[in-house]
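The chain that follows stands alone, in the form predicted alone, written as structure tokens.
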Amino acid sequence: MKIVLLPGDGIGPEIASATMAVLEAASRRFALGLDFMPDIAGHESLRRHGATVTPALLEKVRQADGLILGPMATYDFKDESKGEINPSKFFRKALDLYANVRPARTYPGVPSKVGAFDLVVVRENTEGFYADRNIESGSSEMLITPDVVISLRRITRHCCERVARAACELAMTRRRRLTIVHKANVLKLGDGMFIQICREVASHYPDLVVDDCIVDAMMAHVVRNPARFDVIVTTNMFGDILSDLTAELSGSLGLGGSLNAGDLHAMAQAAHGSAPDIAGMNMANPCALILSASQLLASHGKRQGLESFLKAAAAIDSAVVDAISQGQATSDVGGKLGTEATGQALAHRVLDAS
């Protein structure tokens, strides 16, 4: 498996290094033959190449079997005409990564105010209210007068069907429960169509239990009783907000793994940002990127029918659970280790996996 690794900005190089240590251990333990192809994006690429991402990098990623994208300082990148392109948006759009799969679960040893839970948010990733990706060229957010802005949302049958199918297939591997999150009481046409299409797709999975929930009520339900949910499918902006909430409820955004998946490509990407305030301090939690990389291995294993990749992903996930429960992790989840030592602790557990 050829993997392009882009460390990113801020804490990115530190957590990317820890992730590499874990993946190298997994490759040795399970004979995966991982071939890493490091490159640059974000500020470093802007300094060297005049753009945060380049056409050559995109072609390199297209030829690979997977991409690991470290956290990027996306808020810094405001003017695409100056090469300041949001790398996350760029790859999601260029590779048609339509399903953003964000698991969230509690971990033994990490205090939880909401009780134990294990759920996954499946977020549509290519349209919605995101003005930089729902039209072919330019932005769908317009300054009409100095005092008036109009933002357009795109909802299409094609995008609804494929993210619904991804969510249904995932739910069939778990507890077979699907919740559709929407705002159809206000966005009657767009979210009304989203609900209808999700239910149409789910009807082909008769073993699924399907319900739906208005997004504002959903925020209250997730905080009150997240254990009632299994797989949640929703539109882009609602999923962005909801998945950060569920990750934080698990104990830390540093545990928020994320996979951006399409029909041909997949990109591992931690749910959190570049955290420049703690960059270089060896205190950032690498688990989110490590868990994201685990999802990437599992995705490749499913696509190619390779059981060894599924076993490696399971070993990484188990290593994270075990390390956190033993306090061998960073301080945000109750441990006493730095970033590098956390990566090494996880790598040792993966090598010892049975």
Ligand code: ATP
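Numbers for residues come from their place in the sequence shown, where the first is 1. Treat the numbers as computed from the prediction; the structure is a model and nothing was measured.
A second form of this protein, the form predicted in complex with the named molecule, is not displayed here; the remarks below concern that form.
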Suppose contact means a heavy atom within 4.5 Å; in the predicted bound form, does that hold for all of 220, 226 and 241 with the named molecule? no
Only one of 170, 210, 110, 253 has a non-hydrogen atom within 4.5 angstroms of the named molecule in the predicted bound form; which is it? 253
Could you tell me which one of 89, 183, 265, 272 places a heavy atom within 4.5 Å of the named molecule in the predicted bound form? 272
Just one of 67-75, 100-108, 121-129, 81-89 has residues with a heavy atom within 4.5 Å of the named molecule in the predicted bound form, so point it out. 67-75
Please tell me whether any heavy atom belonging to residue 285 falls inside 4.5 Å of a heavy atom of the named molecule, as the geometry stands in the predicted bound form. yes
With the cut-off set at 4.5 Å between non-hydrogen atoms, does residue 278 touch the named molecule in the predicted bound form? yes
Taking any heavy atom pair closer than or equal to 4.5 Å as contact, tell me whether residue 11 reaches the named molecule in the predicted bound form. yes
I'd like to know whether residue 332 contacts the named molecule in the predicted bound form, with contact meaning heavy atoms within 4.5 angstroms. yes
